[in-house]
Each structure stands twice: as C-alpha cells, then as structure tokens.
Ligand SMILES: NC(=O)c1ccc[n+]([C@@H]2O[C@H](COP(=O)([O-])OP(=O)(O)OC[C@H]3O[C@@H](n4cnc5c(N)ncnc54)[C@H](O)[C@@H]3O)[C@@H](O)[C@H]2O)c1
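Okay, so here's just one chain, in structure tokens, the form predicted alone.
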C-alpha cells in the first residue's frame, strides 16, 4: 500500500488503541507513511508524534490537511465534535475512519450519512467489536446458520456519566450486526440507581430484527467488573462468547459451542486472535488494517455510516429514556 495517514484527536483513545495499531501497520507495510497528528492541546499531538516516531504535529487539523494532503484520516475526537468535523472531511472528499458514536444523536448521524451520499467519500465507522477476532471466529462457526436469539450483557465499573448510551451503542451495534437485519422494535426497561448518581441507571432491552432474530440486552454501568458476554442461539446449537474488553480480568476471551448438551468446540482469544495486546484482541488493529486496504483499493468499506445509523437510533432511545422504538417513529 502507498498511503499517507493523518490522525485528528490525540486523547486517551488515540494513544491506547489507534497509536499501537498504526505502529503495527507501519511496521508491516513499508509503503505506509504517517504524515501528521493534530489536537487542540498541541503538547498531546507532539507526544503522539514522538511515540510513533514519525510525522509532524499540529494544533489545527485544517492546517494539517492543507500542508500534508493525506490519503486518509483517522478521526478520534470527543463525540460532541465528531459530527461537525466528519461532515467537513466527507465533503472535502477525504477518506475517513471515524470513531463512534457518530455524533451526539441520530439526527447528526443522518446528516453525516447525507454528506457521505452527496460526496461519495470513502469512510468507515469504527465499531471495533465487528473486527474483534472472537466475533470474526463466531461468524465463521455460524457458517451461515440463521441466528434465532442473542443474549448480550455489558457491565462496567463506576460509570456515572449521563452519556453512558455512547458506550452502550457498541452492544446495540454488535447485536444488529450479528442479527443481520434492521431493528423492527425495541422495548426498554429502566432501573434508576439514585445511590450512584442522578441519571445513572441499568437498562434492559428486548429487540426484534427484520431477519427474524431477537435479542435481549442488559447494560449495567455500575457493576462489579468490566465485561461483555453474549450467547447466540441457532437451531440445534448454542455459542458463548466472552469478549476481552480492555484486557479486563486478564481475560484473553473465549468462544465455545455446544450441541446436544455436549461441547463441540472451544478456543480462547489467544488461539483465535491477531495478537495478545489489547489493541489486537479488541479489534482495533484489524479495523485499521481493513480500512487502509479499502482506501488503497479505492473501494467503500463494509462498515459505513449506512450500517451504523441503526445503532445510533437505538442509542437515542436510551438517551431519551424511551420505552418503545419502532423505525417509523425514529424520524
């Protein structure tokens, strides 16, 4: 690949997941070049450049684009500014990998989708669970068998912010992705946790998809551990996945399949993965590698704004505390 790359936003997410992913891609492909990084805090941009060992740092991303003219951009900014910057990049025709969530709400995501349609710009949404080695292995094990039901749970520790829906969107997207069809309805129950803070709550959701699959999702932001687990039911089989989220519990992850009451397959994430590090087991490396390959080939990635909009609409329901979602009521 012969590509120059820039990154906008050098906060914690950029350092933890995108920097090591970039470093591995640069090591593996001598045609890739890191051109520059920008952040409003120029010291953070300088530190990012120093740790990666190449490129130039900027405090103004527009200046960076003018001077570096990159072939593609990684957008890793707070969700409060993502939509505005992403729309400008799309309308400028700059191939962009944009971190989730796709703005502050579904309305901003729809505006981004319109910009993408108008411009035809190559872009990819960074829902990294789609790229996790264990999820890719799960899809391989399914071998085209239709999913009947998904049980999914997300636990976090001391997540008391009023925008936990921006993390829950990962689970909403993963179930949509696995189910393989639009969500036709979602029923949600909310359990306030006043002792944990104003607005903090557990959420239980039941979804029905156009593919015929259903899913039950549980979000507990103030639980005792960080975990994401799912059970997938198919005709005559049950598959269980323990995802190695952020390396919590020293867990490499696990995929197991059962049929007729017997275990027919089991493997941990180290055996199935792209490597032992968090950025590899959590799908960030594979996500970036796929994006760069698509940009190099001049093709649109599979993970577009079109495929990510459904999760944003469901996330809006959690943000607003709605008990019922149907797509005809989302607009």
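Residue numbers count along the first chain shown, from 1. This is a predicted model, so every value here is computed, not measured.
A second form of this protein, the form predicted in complex with the named molecule, is not displayed here; the remarks below concern that form.
For the three marked residues, 40, 81 and 100, a heavy atom of each sits within 4.5 Å of the named molecule in the predicted complex.
Residues of just one listed stretch (71 to 79, 214 to 222, 256 to 264, 200 to 208) have heavy atoms within 4.5 Å of the named molecule in the predicted complex: 71 to 79.
Using a 4.5 angstroms threshold between heavy atoms, residue 10 counts as touching the named molecule in the predicted complex.
Shown alone here, residue 44 lies within 4.5 Å of the named molecule in the predicted complex, counting heavy atoms only. A residue is said to contact a partner when one of its heavy atoms sits within 4.5 Å of a partner heavy atom; residue 246 meets this definition for the named molecule in the predicted complex. The shortest heavy atom separation between residue 19 and the named molecule in the predicted complex exceeds 4.5 Å. Contacts between stretch 61 to 75 and the named molecule, counted in the predicted complex as any heavy atom lying within 4.5 Å, involve 61 alone.
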